[in-house]
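The data below hold one chain only, encoded as C-alpha cells and taken in the form predicted alone.
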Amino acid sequence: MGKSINNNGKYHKKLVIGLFGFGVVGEGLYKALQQTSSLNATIKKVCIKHPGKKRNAPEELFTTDKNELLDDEEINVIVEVINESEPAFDIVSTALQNGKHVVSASKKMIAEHLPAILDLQKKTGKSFLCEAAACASIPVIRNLEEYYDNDLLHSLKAIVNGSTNFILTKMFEEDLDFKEALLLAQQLGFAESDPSLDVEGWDAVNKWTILLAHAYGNIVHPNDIVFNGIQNIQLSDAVVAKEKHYDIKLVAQAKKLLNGKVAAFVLPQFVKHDEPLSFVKNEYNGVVIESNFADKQFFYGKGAGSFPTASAVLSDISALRYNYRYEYKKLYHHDVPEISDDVYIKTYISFDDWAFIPKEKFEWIEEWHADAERKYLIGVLPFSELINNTWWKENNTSLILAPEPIIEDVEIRRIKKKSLELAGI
C-alpha cells in the first residue's frame, strides 16, 4: 500500500479504491469521499452491472469487468456494496487473495460465509472490515471488538432492521394494520417491493450473526439461530401491548447465562416504555449493551440510507490507513461460550383457534383470553420448543416475547419448588 509522509514525519497511507456497486450506498460513498479530502483516498474504478443507467459521476469511472478492479495492482482497497450474496463473496475472496484490503456492507454474504472470510483474513494478513453491514451509522462492531471483554459482557439487545421498526412504529402511533403500514414503508422507500427479507426477519438475523461473532466469538450460520419477523403481528397485538404499557419491537437479543452459555435469538418482543429501545422509532436502529461494571450503554442512529451507511464504510476505509483489522479476540483468545437451547422463555401468543396451540408444551400459562375473536395467552415455553417446532409462526399465530423473556433452569426449579411449598406438597 502506497505511503506519503506528512509534515510531522508520520506515514499517511494513500488508499486507491475499487468500488463494486453504485446504488444508494455506493453513490453515497462517492459523494462522501469528495467531501473528505483529508482521507487521502480516491476511487479509481467502479464496477457496475447495468452500464446504460444514468449516474452522477464521470462515465470513464465505470466498468462492467470486475477484473479491471481485482487485477489492478494500484488498487489496494476493494469496497463491496452489492446486493447479491454469492457474487459478493467471489469479489471479497478474490480481492483478499490478490493482496487487497476489503470493506463490505453485504450482511447476507458475510453471515453465510464468515468462516471462510476469517480463514482468508488469517491466510492473507489483509483486513476485512464490515461496520456498515450491521446498524449502518452506529459503530457497534468496533466497540464490541475493542471495548467489551467477553467475560464482562452480560447482554446485547438491539433493533437492527429499520424497515420493520418503521412498520411497527406506524402500527402503534397511527393505528395502521400491518398491510397498511407495510404499504406506507414501501411508498417512502423504507421497504423493498419484495419486503420478505425484512419483515420475515432474514435481514435482522444476518446482522445478528455478525454481531454475535464480535460480541462472544460465536461463529454460527443464520439458519442455526431461532428467529422470526413481524409478518404475523396483528393490530390487536398492538392494542394489548398498549393496555400493558408496552411497545412491540423486533429485537435481536443475546445474553450470557449463569452456566456460561449464551442464549441468542431474533424475535418480536414487548418493550417497556422506560427502556431505551422504546425510544427507537421509524427507520432508526438502537443497541443496548450491558456489561459487568459499565451497566447499560445505549447506541442510537440511522440503520439505513445513503449517507448513514456510507459513513460506516468511510470509517472503515479511514481505519485502513493504520492497518486496522478485526482481531476476533473473543474467538481466538477466549473460551467461546456455547449457544444454549436449555432455557425457558416467557411469551405472549395470539391466535385464531385453540386447536393450533399445543397447551401441553407450556411449563405454565399465566393468563389467557379465550372469548375474544382474536384469542391470546401468556405463558412459559422451553426454548427448545421454538427450535424443534414451527407451530408458533403458522396458522396466523403471533408470538411476542415478554420484556424480560429469558428464564434460566435454576429459576424454573426455584419457582416450581416455591409453588409446591405453597401447595403444601
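Computed from a prediction, not measured in an experiment: that's the story for all the values here. Take the two forms, superpose them, and find the largest set of C-alpha atoms that agree within 1.5 Å; that set is the rigid core. In case it trips you up, residue 1 is the first one in the sequence shown, and so on.
Keep in mind that the form predicted in complex with L-homoserine is missing from the display, and what follows is about it.
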Selected contact from K107, K126, K249, K256, since only one has a non-hydrogen atom within 4.5 angstroms of L-homoserine in the predicted bound form | K107
L-homoserine in the predicted bound form has a heavy atom of only one listed residue within 4.5 Å, and of D316, E80, D203, D237 that residue is D203
Region of this chain that lies against L-homoserine in the predicted bound form, out of 329 to 337, 118 to 126, 218 to 226, 157 to 165 [heavy atom, 4.5 Å] = 157 to 165
Non-hydrogen atom contact A191 with L-homoserine in the predicted bound form at 4.5 angstroms | yes
Taking 4.5 angstroms as the cut-off for heavy atoms, does L182 touch L-homoserine in the predicted bound form?
-> no
Flag A304 as yes or no: does it have a non-hydrogen atom within 4.5 angstroms of any non-hydrogen atom of L-homoserine in the predicted bound form?
-> yes
If you check in the predicted bound form, is K207 within 4.5 Å of L-homoserine, heavy atoms only?
-> yes
Determine whether the C-alpha of E73 shifts by 2 Å or more between the shown form and the other one once the rigid core is superposed.
-> no
Against the rigid core, is the Cα displacement of D274 between the shown form and the other one at least 2 Å?
-> no
Rigid core fitted, then: does D295 show a CA shift of 2 angstroms or greater between the shown form and the other one?
-> no
Outcome for the Cα pair F190, V313 in the predicted bound form, compared with this form (closer or farther; change of 3 Å or more) = closer
